[in-house]
Structures are given as C-alpha cells and as structure tokens.
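Quick heads-up: the structure tokens below are two forms of one chain, split into structure 1 and structure 2.
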Structure 1
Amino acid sequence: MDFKLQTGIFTEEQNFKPLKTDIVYDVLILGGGPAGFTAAVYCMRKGVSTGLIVKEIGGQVAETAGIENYMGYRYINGMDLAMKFKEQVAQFGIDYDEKGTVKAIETGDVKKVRLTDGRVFSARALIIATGAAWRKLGVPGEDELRGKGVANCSTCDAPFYVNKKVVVVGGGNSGIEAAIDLAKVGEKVTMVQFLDRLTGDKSLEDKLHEFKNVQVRYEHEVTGINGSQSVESVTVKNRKTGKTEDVSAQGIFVEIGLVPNSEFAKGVLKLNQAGEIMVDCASRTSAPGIFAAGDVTDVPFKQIIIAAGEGAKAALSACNYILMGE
C-alpha cells in the first residue's frame, strides 16, 4: 500500500459506521473502556476488518473523578479521558455499535455475538473487554455522589484526599490497602466493616495498625451517604444495637470487590471463582480465537494503564490468529 494513502486513514477523521449483521468480521471487540478502545486502534492499524460493540463509553474510567496516573496527562477527568479514547478510535472509520448489551457468545470457526435486542454479529476472532463493575452498597446518595466523593480506587484517587476525612467500606485486602493508602495522606480514616473482624492478610492488618489516624468500626454498615454537591458525611449503623450515627467525611471508598461483566461467557469460557475470564500471557482464553483483556480477566492490578496495555496485547494476538493462524 502507498505510504501516503496508508497514513491518511490514520489522520483524516473517518467517524463511526454502523455495525453490520450480514458480514463476517475478522475481529469483533466487545467493550468501550481502555482495553476495548486500545484493541480497536491496534486491530485497525493492522488492516483487519474490525467491529466494536460498546455498552457504555469508558466503563469504570467514566466514573473516576480525576486521573493523575495515566501517562501523558498530569490530570484529567475520567469521562474526558474516555471520550479521548473514543475520538482516537473514530479516526479509523470503524464499524461501531453503542448501547448494545451482549447476551451470549458462540465458539467455532465463525464466532457469534448475540445481543439482548436479538441482533447477531459474526467474526473469525473475538476480543472480550467488557470490564467489571464495582459492587455497590445500594444506599441513598451512592449514585448521586459518585465522582463527587464516592470512589472505589484508592490507587487512583487517594492523592485527592490530602488532610481530609474519609470512610473506607470493607475489611478484606482491598479495603485494608485502601485504608493504608488514605491514612498516609488523610487526616482521619474510618473503616466500616460488616463483620467482627478484618478478613485481609495478617501482614496487611499489622501494617494498618501502625497508623494512629485509622479507626475500625466492626459490625457496622453504611446506610446512607450525605451531601449536596459532594460528600459531607456518611451514615453508619451499629448492627448489634441498631444505633445510627453520621460520620463526618469528605469522601467514601467502597472497597467490597468487583463483579466482572462476564455473565455471557459462563459455560463457554473458563472462568475463575471470581467470575473473571482466565487468560494466558498472550490474552488467549480457553476457546481458540477468543481473547480477553482488562478488568474482565484474571490479570492482577485493575488499572487504566494496565487495561490499555492488555487491550493492545489481545489485539496483536487476535491479529496473529487471523493473519498467521497462530
């Protein structure tokens, strides 16, 4: 291909084209977060016919108030970063479907993706990058104040709580790690643990107890998150006495785990006990021609930059499968 023509498809705005049900794509990518969008860029640059199915732009990224640990940006709002991902993919003129929810996938030489609205799309290879959703408390104020003090990732957001009071919900490893991260910078950390003990590793628990600005409220639960424009306090309930109290806080970190968006893969791909899709070092799943990347997989450390890297890896593996049969 003429180099000028080849580079032109990368620089001229192509925008999205409708995903087609009457053709077999080389690669179909499921997911609109950093893994899915990165995979799309790499597949399009390889010249394979590519389709992208996105339920929600950005996934967890879009719910992040501020990001300081993604290279190239000293600070960027989560939704702004998600839209930049989308804009970068748009230049390739990829076939695209937004708001579609995957109901089921089928293996074979030609893979099938069935959506809940009845449409069926086909491809020789699939890349699953549907991410994961934070487990929610399901209390008043949680959704309304998300991104305004309600957070889920201390690695991402702890620096925004310097000299502030925060609540951490959860007493497993992720909760303890979040409390440690926040105790290093915050004025006070109140941990709310449903059980009468912490359930994380003893080494983490020992480290937690080194901080004098951490208080653990055992056998308590959060019943409400309060504030007008941002979090101002958290209502906690003593499970033994039933007494409630408003704890002053400028932020609350809900660290009770992630739910991988892998329901449609059950019985088709190998999942671990947490429901994550199991992949090897080349992002291959248990089914030939199906790859997975990002938070839906069992790859550790759920971070934006890691998901993007895994998306690139999955794309290159999928392209090798299409172009060289590997």
Structure 2
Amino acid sequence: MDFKLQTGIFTEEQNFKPLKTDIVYDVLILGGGPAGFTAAVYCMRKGVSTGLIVKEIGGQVAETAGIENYMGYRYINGMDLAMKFKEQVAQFGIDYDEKGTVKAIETGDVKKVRLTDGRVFSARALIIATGAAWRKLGVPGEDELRGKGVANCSTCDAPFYVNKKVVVVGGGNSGIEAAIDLAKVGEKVTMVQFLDRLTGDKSLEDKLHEFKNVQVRYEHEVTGINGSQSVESVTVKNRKTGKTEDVSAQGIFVEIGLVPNSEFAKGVLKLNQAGEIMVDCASRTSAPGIFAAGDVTDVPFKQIIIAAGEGAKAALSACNYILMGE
C-alpha cells in the first residue's frame, strides 16, 4: 500500500489567517486552482492586502492523476502539485478561507463577495479564478442516476465496475484515460464519440488500442440513460442515420469537457456564449476593478501552465489598479 501523504495540508496551516468580514481588502481572489494560487503569490509579493477564497484546494489539478506538461516537473501527481501551490502561498501568511463558496458578487468602488454560508467580504479589486467543472450531457436519467452508475472520476470508481459493462462518453484525453482505466477491470467498454475520430494525444490513443474489450462508436451521441434503481442501459443515436439503440451498461462515465464556474457573474460581467467571462489582454473584465484568469475566462486552451500564467497577469493588473488607479 502506498500512502499519498500531502505534507502541504499540514505543515503550513498555521501561516494562514482567517478571512475577515470587517475590513476592505485591496484584492480578493476567488478560487484555489493554478490561476488563483499564482495570483495570490503575485499579490502578496506586491504587498497589497489580499484575501483568498478557495472552495476546493487545487481545483481540477487535484482531480488529475498525473501531469507531464507543467514545466519543472517531468511527472507529478495532481494532488502533489496542488499542495506545492498551496505551500508556496502559505509562506506569506495570507488571509484564507477554505470550503467557502461564492454565491454572488457586486460591482462598485468597493466590491462585495457573498458566500453561500451568509458571509460577505469586501475588496477594492477582485480576481475571479473559479475555473471549470464537469459538463453534463443534459439527457434524461443523468441527474436521477448520478452516483448510481453515472460518474466522472474513473480512478475513483473503476473498482465498482469489475467484470461489468460501461459506457464512456467523449473521445478526448479524459475520455480515453477513463476508457483505459475501465478496460483494465471491466468486461466491456463502449466509447461514444461525437466526431468520426478520437481527439486525444497520440500516445494515449495507442495505449487504448491495446485493449481488446473496448469498442468505439464514432459519430454517435447519448440521448438517454435508463434504469430504475441504477444504470441498466444507455441509449445512443447514430448521428448519420438517426438510428437509436440501447447499449446494456451498468455505468456511464461522462468525459465531455467542462463548463466555466461563472454562475455568480451572470448579469454582472460580460460572458460569451459558452458562459466564459470575457477578458482583454490585461485580464480586465467588463467591470472596472474586476479581473479574471484561467479556465473561467474566454482565453483559449485550458491548461495548468496557461491558467497559472493568466493568474500572474491578472494579479499584476489588479495591483496596478490598486496602486496606480489604472
């Protein structure tokens, strides 16, 4: 048994101070993924008073098994990288809140940030770095059977599908990785892909094709998930012929990309059609003094190194706004 000890959770904890409701911060950062944590380091080094609100440490990075394209590490486990980010922030003694969830923001000279638990924080500038969450299929049965066969995390839940039949939706990297995890233990994996080809990295695709129990259905989409107590079958439709068919399966893993966590910014900031917060080249949103970075924005390519870089940029812009009124 290996122990995935994350020393970062423990050793630096005492350096964090609780976030205060009775002061106006210079900058409040929303989100603790690569964008938010990087922004925090930059703000603290600039010496502006800074608060950080983190729902889940690491964001998507903490949900990633292995990362091979973040510079400085040839390979690092996602949770470990998230902890390293947190440790680097912790050295500054930042005001910090974990598990708090932002419900609403208000513009103005002093911006307000409302959390679901009722607390309200204030700051002259905001950096929104709330990232993205799994996209849903939006088909009947998906919500009803969530946790009863409908899942996203194959490393977590693969053990439940030993010798069972599963469907994986999505032919990008996440979908291929999930199909590989499940093909190792399951009886049969049916991949459902919208396009006529897979869109993942070549190295992953090669690995996938080594499994004999994986079938890819190209140009298909899922139109329904069926079952009374738990998933029993998945309805798929051939996009060319329009023909539908029920595929017998006890589980379905939905790996079709992400939606931005921008719900609370609707009606406050300008969003694009995908719901992403629109930013200019200096990370400014449509409201003065509110900046955004990472996967929640319309910046193309959703990657850790990009989110981190954007976080740095947003922080420097926010500091300029605070220190120079720009």
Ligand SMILES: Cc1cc2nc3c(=O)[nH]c(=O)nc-3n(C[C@H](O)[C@H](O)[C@H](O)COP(=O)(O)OP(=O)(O)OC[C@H]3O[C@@H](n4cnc5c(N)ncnc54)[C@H](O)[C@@H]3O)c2cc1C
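Predicted model, so just to flag it, every value in this text is computed and none were measured. Only the largest set of C-alpha atoms that superpose within 1.5 Å between the two forms is called the rigid core. Structure 1 provides the reference sequence; residues are numbered from 1 along it.
Asks: Would you check which of the pair is the form predicted on its own?
Replies: Structure 1, which is the form predicted on its own, differs in this respect from structure 2.
Asks: Is V102 in the same rigid part as P159, if the chain's motion between the two structures is treated as two parts?
Replies: Answer is no, each lies in a different rigid part.
Asks: If the chain moves as two rigid parts between the two structures, put down the smaller part's rotation against the larger in degrees.
Replies: The rotation of the smaller rigid part against the larger one between the two structures is 64 degrees.
Asks: Look at the Cα of Y218 between the two structures with the rigid core superposed and state its shift in Å.
Replies: So the C-alpha of Y218 has moved 4.5 Å between the two structures.
Asks: For R239, what C-alpha shift in Å results between the two structures following superposition on the rigid core?
Replies: Its C-alpha position differs by 10.5 Å.
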